[in-house]
Each structure stands twice: as structure tokens, then as C-alpha cells.
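Take a look at this one chain, the form predicted on its own, written out in C-alpha cells.
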Amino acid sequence: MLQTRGLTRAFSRRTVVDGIDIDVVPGRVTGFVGANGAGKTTTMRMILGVLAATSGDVLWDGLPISVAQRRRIGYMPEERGLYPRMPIAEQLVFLARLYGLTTEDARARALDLLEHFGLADRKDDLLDSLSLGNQQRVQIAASLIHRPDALVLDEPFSGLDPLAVDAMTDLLLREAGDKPLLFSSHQLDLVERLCDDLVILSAGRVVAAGSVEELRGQGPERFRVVLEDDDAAWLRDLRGIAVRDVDGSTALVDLDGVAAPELLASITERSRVGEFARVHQPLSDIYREVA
């Protein structure tokens, strides 16, 4: 398991990361979200050792992480760092050799990753001759080239079209397997689709953390009510609920002091109900409430 405990970074008199505790559990995808300047990239850099922590610890399986263990983490920085005037396969092989792979294994690994992204026929092209989306694919391949023991990815899906997102998602899930995977993203719909666990950062502090199911369950119970041949606006007059939205015969309501069976009974006394269904709170709402 990859963990941080009390991880803090101060620049002069300003603390930008303040006592961060994160658990990145093997076999589970952990999403790291927060506004620009919340401290996500700084935290990731401290995990990798690129930036020294002012205080706190980074742990691997409960012990302080070593230099050798950090080398076993696949890292994709927000500022992409490959060589623009170097053929893509050549630089992937070069990076794999730095991690100790033989030349033969490095070439096979590079071609496998490029094949997955549909770039095998462009293996000899210079990086800067590719589109931005394809450059992004090569960047993620570089973070995976040495078969890392954990993955820390800063905005890996930025700028990708939906097909590229699907290809990258498939590859990450295949490669991560039972390994810790932490990635940051501003695309909350993507985080919701991919992540098992979530850490929300605001002003350098963790303001919410846990499994996606746990975080969704922290808010009020929400139901969608669909009436048959009746306008749902009158639901605003009922006690014990907060009506979030009304659109004709459909309303979205939060329970506020009344149980679901009691609410349903009150509605059916006045109107026929076509649907009464629990609605899970989207991550975007959770994020807005805590960030």
C-alpha cells in the first residue's frame, strides 16, 4: 500500500499542503480531485521524491519509502517531459533501459504499449510530429514501460478524445491490476466512472476521503418522483423534504426528517405515482459541497 501521513509542504510563510493523509490501496483506483492550486501536484511530487516534504511521511507497506521503491512507481507529471525530437519507440526503449530492462525486453515492451494505442506503425516518428492526443498516449506508455509496482498520474486524461480515454482506461486497468493507482483529474464524470476511492483536496487539506459509495451516502437520501398525469410542483408543500428540482410531472427531492415509506404514502394519497426511486448523489454535487 502507498500512504502519506501528515504530509506537509510550506513555501516561505505559505503552507500549500497541510497534513495530508492518503491511502492508495492495491487493486483499487484512487481519484485525487480539487481546484487548481489545491495542492494535488505538490502532493504527488512529494510522493515521488521530486519535491522534499517540509514534514510528514510517505510510506510503502507501512514503512518509510526508500529510493529504490520510489523508482518502482510509474509517474506521469502534469508537465510532460519526453524528448520532442526523438523517435517514440527509441525513447521508450531508452527509458526502459534506465530502469534495468534488457534491450530486447525494452523493445518488446515498447511495441506492446504502442500497439495498444494504435501507434505501432508510427514507432519511428518523432514525438513532436504526433498530435497532442497521441503524444499523451506515448507519455502514459513511458510511465508504464518498466512495469511499475504503483502508478501516480497527474491529469493523465487531459486533452484526450473519448476513444483515447477508453483506450487509456483499458490499459491502466490492465496494467494496474492489484497495484496502487492514484490519478488526478478535473473530469469528475470520468473520476466517477473509474474510481473506487476518492480524495478531495481544498486549500491544501483533505476535506473528504473514502470510497465513492461512502461519500455518496453521506448526503441526504435523494429520490426521483414521477407522477402520472399530475404536475409535481405541489410536492414543495410537503413537510420533511427539500425539493431540489421540478420538471413537469418529475421532481427530485431530498428527505429532511421524513422516512421514504412515509413520503410515498403521503404522495399516493393525492396522486398516482409512476416512479419513486432512490438517486445516488453525483460526485459533482459532493465536490461542490466540500471543496
Partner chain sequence: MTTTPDSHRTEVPAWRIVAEREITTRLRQKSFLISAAVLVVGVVAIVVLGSVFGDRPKHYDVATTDPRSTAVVEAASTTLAASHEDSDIAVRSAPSPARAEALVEDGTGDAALLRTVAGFRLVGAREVAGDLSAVLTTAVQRAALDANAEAQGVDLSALQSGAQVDQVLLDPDAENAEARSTLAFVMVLLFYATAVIFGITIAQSVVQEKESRIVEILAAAVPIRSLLWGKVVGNSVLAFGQVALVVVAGVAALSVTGSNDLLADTGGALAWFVAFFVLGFLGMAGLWAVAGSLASRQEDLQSTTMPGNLILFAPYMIAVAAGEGVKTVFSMLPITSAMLMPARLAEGSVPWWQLGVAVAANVVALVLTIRFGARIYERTLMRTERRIGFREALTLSD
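Positions refer to the first chain, counted from 1. Note that the structure is predicted; figures quoted are calculated from it, not measured.
A second form of this protein, the form predicted in complex with its partner chain, is not displayed here; the remarks below concern that form.
Think of it this way: in the predicted complex, its partner chain has a heavy atom of just one of Leu190, Leu101, Ala209, Ala167 within 4.5 Å, and the residue is Leu101. Scanning Arg109, Arg122, Arg80, Arg216 against its partner chain in the predicted complex with a 4.5 Å heavy atom cut-off leaves one residue, Arg80. Against its partner chain in the predicted complex, the set Lys40, Asp57 and Val152 makes no contact: no member has a heavy atom within 4.5 Å.
Of the candidate stretches 57 to 65, 245 to 253, 29 to 37, 222 to 230, only 57 to 65 has residues whose heavy atoms lie within 4.5 Å of its partner chain in the predicted complex.
Heavy atoms of His146 reach within 4.5 Å of its partner chain in the predicted complex, making it an interface residue. Interface residue remark: Glu90 is counted as part of the site for its partner chain in the predicted complex, having a heavy atom within 4.5 Å. For the chain shown alone, Val50 is a contact residue for its partner chain in the predicted complex, at least one non-hydrogen atom being within 4.5 angstroms.
Under a 4.5 angstroms non-hydrogen atom cutoff, its partner chain in the predicted complex has Pro84 among its neighbouring residues.
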